[in-house]
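Given as structure tokens, the chain that follows is alone and in the form predicted on its own.
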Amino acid sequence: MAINWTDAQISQIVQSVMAQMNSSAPKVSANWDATQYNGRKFIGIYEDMHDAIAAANEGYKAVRSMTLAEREKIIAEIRRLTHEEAPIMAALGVAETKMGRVDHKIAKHHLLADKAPGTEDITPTVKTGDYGLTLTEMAPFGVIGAIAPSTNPSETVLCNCIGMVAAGDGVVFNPHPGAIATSNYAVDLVNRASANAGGPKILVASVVKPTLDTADIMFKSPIIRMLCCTGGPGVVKAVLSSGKKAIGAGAGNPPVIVDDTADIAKAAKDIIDGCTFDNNLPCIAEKEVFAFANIADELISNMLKHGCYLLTREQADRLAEIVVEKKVGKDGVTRTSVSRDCVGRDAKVLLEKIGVHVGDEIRCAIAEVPFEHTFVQTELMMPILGIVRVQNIDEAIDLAVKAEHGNRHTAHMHSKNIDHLTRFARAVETTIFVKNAPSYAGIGFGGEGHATFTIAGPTGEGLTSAKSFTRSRRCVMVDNFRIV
């Protein structure tokens, strides 16, 4: 994973972004402006969701009438600007959300710019026979209403826009309230790219202050033909209950199995590299490990060589109480939720919460825990990794499938035993299954295949791309165009 930005450069970018965003312009929330950056007013951002939807509809009318070559010209400019402005969006994302790592977010922007499919993904099919010819084409769906997350805000907006523009759709975003400025920066980038490439000045749209009310307007608008949600289980459920065609990218709790045939040193490095990528914000990232007992000590020893701090059981329990909060509702029922203050934070910051002070070289906290532990059962989205010893492949698969909680999102395994790999893949039924590599290989980072940040397990599209945002249309010519 090559990242070409030095710590000094990243620090300078962060300081610059913070200074630019702390302007005297009107604020959506403290210190953040969702309508401008560095004196440049964002294009396509509206106070009223109805106006945003209307603008997106005009964008749809424009893009659906374009040739594929014209769409591809806009997409090429989106890619160029994404590469060029990746450091700004990465620094802005970390500064606004307090989550993740700037260097890794830079890498994610470069990944999507290079590997998010464009118009090449929209391929027609033809069938000919005794009765003539049938042509099936992938047509635009219309105006799409999209929910963007706080974990990968600009990355998701840009990746979705590349696919949706390629498909010929319009799109209006209702960003996560915790990442409005970053999301709207990406919307503005797409509109600048469109104008630069000869397209409409406003191709996609968003709102200044996204709320549940603006989302509800989007869900109910007759102009919106499809909904695309990348977020938590609550908002995915709302989208799926809308009555519209919906793509839902939900939560995951990806398990990792390491058996005694694996290259243990490589497995340790791969797991920690994947688990700590952007501080474990990607839903595909390794969340818990099931290691064969006869190699567990060796695995842990090798993990310690790659920036890990080994927690005692007592330390793990104390940290678990901090990173997962318990609250008693009005109905008297105690409910748990992951601490917003801990998600995506550096391992150093998390360890300080239990009085453990480490250097910047520590990037992950690991602990050997029982299966029932919070570090195994809860998708924390933090560089914390619970490790469970298992006796054999049967126990490993049984526990890993249970820990995944039926999300069918992502799972990982390190093994040279084809039978073990096959059995786990069949049992866990995940959208992504990564073998002998870091989790990010599953989205094309060091692995083959296209990149996306909307992984639709609940609705079955899998790793979304341009064709996911189309509808199939058939044209039939009977007794003609058959030339053999």
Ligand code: NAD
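Please read these numbers as outputs of a predicted model, since none were measured by experiment. Start at 1 with the first residue shown and count on from there.
Beyond what is shown, the protein has a form predicted in complex with the named molecule; the following relates to that form.
*Asks:* Using heavy atoms and a 4.5 Å cut-off, decide whether Gly232, Met381 and Ile455 all contact the named molecule in the model of the complex.
*Replies:* Each of the three qualifies.
*Asks:* Residues in which of 163 to 171, 311 to 319, 136 to 144, 232 to 240 have heavy atoms within 4.5 Å of the named molecule in the model of the complex?
*Replies:* In short, 232 to 240.
*Asks:* Have a look at Arg345, Arg71, His176, His104 for me and say which one sits with a heavy atom within 4.5 Å of the named molecule in the model of the complex.
*Replies:* Of the listed residues, the single hit is His176.
*Asks:* Looking at Ala76, Ala293, Ala251, Val324, which is the one with a non-hydrogen atom within 4.5 Å of the named molecule in the model of the complex?
*Replies:* Among Ala76, Ala293, Ala251, Val324, a heavy atom within 4.5 Å of the named molecule in the model of the complex occurs only for Ala251.
*Asks:* Please determine whether Cys283 contacts the named molecule in the model of the complex, using a 4.5 Å cut-off between heavy atoms.
*Replies:* Flag for Cys283 set to yes.
*Asks:* According to a 4.5 angstroms non-hydrogen atom cut-off, is Ala215 in contact with the named molecule in the model of the complex?
*Replies:* Because a heavy atom of Ala215 falls inside 4.5 Å of the named molecule in the model of the complex, the answer is yes.
*Asks:* Quick one: is Pro149 in contact with the named molecule in the model of the complex, heavy atoms, 4.5 Å cut-off?
*Replies:* Judged by the heavy-atom cut-off of 4.5 Å, Pro149 is in contact with the named molecule in the model of the complex.
*Asks:* Any of the heavy atoms of Phe371 lying within 4.5 Å of the named molecule in the model of the complex?
*Replies:* Contact with the named molecule, no.
*Asks:* Which of the residues spanning 393 to 409 lie within 4.5 Å of the named molecule in the model of the complex, based on heavy atoms?
*Replies:* Only a single residue, His409, comes within 4.5 Å of the partner.
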